[in-house]
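Before any questions on binding or motion, here is one chain by itself as structure tokens, the form predicted alone.
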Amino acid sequence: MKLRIQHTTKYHYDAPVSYGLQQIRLIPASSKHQTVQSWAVDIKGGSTELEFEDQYQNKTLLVKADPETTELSVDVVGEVETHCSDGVFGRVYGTAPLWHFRQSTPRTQAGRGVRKLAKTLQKAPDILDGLHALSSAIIDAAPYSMTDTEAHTTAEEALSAGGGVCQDHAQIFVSAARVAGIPARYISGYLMMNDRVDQDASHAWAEAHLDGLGWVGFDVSNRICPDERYVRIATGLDSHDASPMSGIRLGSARESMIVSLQVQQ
């Protein structure tokens, strides 16, 4: 399936920013599951200082805001041909060892609620069935809601709130899987929705590692495994590691953000 993506993120500041840096993870890599046919990133209000691959092999741009700017815009346009993998990313490994993905982070630290959910894995006949059951249990316990969580909400907080978005569902999944000793990681990317072209944000899902299969994906929010409608962008231990954009700035300016996204064939 050939997918065309147009993604614009605009930051507006109510006062000039003297200094700001952004790490931008919005460049997909070709693999046996997707072929990047064209991809361009255009930055206004800043300039690229460095291009590198981070510890998870995410293609990353370090962007410095122009002095005294009041707006920073990042425009992405590209085409990716995807290949159906039935959710199995496979035995593909980078420099980070599997034990690294058993570690918790401040955003995925398991509390009482996550530990209770993790017991779902013990009731299944095998690990794969248990992970599917865990995915269903998460969305039942925390249905999709855009009003219950924020960007920095932890897995345990989202579960306690009783709702969340794809970021929260993915973090709850990786947190619970790690409680059971299963390597798990957070994935950010794009999803072509069947009922719309315009979207409010990019997407997120989770992967768990199984002996023999390798990495297997779970989109908790949509109760499915990733298929040819998904474009993979970045990987990490949590939403911070794989965030499309993250950074710092100096000064007291207040920030607002507008996102425009289209994913279509």
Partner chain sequence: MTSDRQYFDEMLSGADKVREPYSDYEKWFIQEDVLRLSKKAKEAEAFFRRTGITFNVYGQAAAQERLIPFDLIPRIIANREWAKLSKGIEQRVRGINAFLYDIYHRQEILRAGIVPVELIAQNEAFLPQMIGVSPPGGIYTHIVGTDIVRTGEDDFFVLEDNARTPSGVSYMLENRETMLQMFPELFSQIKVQPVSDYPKNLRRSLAACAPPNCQGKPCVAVLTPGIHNSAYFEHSFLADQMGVELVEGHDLQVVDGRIAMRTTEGFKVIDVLYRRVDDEYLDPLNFNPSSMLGVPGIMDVYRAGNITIANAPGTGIADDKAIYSYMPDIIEFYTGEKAILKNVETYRCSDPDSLKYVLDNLADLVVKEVHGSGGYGMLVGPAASKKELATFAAKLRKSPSNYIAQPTLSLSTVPIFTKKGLAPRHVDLRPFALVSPNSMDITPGGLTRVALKAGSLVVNSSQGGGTKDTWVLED
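Residue numbers count along the first chain shown, from 1. These numbers come from a predicted model, not from an experiment.
One more form of this protein exists, namely the form predicted in complex with its partner chain; it is left out here, but the text below deals with it.
- Between its partner chain and the residues Leu213, Leu62, Ala29, Ile224, the one pair within 4.5 Å by heavy atoms in the predicted bound form involves Leu62.
- Checking Ser136, Gln103, Ser73, Ser145 against its partner chain in the predicted bound form, a heavy atom within 4.5 Å turns up for just one residue: Gln103.
- Among heavy atoms of Leu50, some come within 4.5 Å of its partner chain in the predicted bound form.
- Of the heavy atoms in Ala96, some are within 4.5 Å of its partner chain in the predicted bound form.
- The closest non-hydrogen atom of Leu21 lies within 4.5 Å of its partner chain in the predicted bound form.
- In the predicted bound form, Gln55 approaches its partner chain with a heavy atom inside 4.5 Å.
- The stretch from 185-193, 88-96, 109-117, 160-168 that comes within 4.5 Å of its partner chain in the predicted bound form, counting heavy atoms only, is 88-96.
- Interface residues of 196-218, taken as those with a heavy atom within 4.5 Å of its partner chain in the predicted bound form (partner not displayed), are absent.
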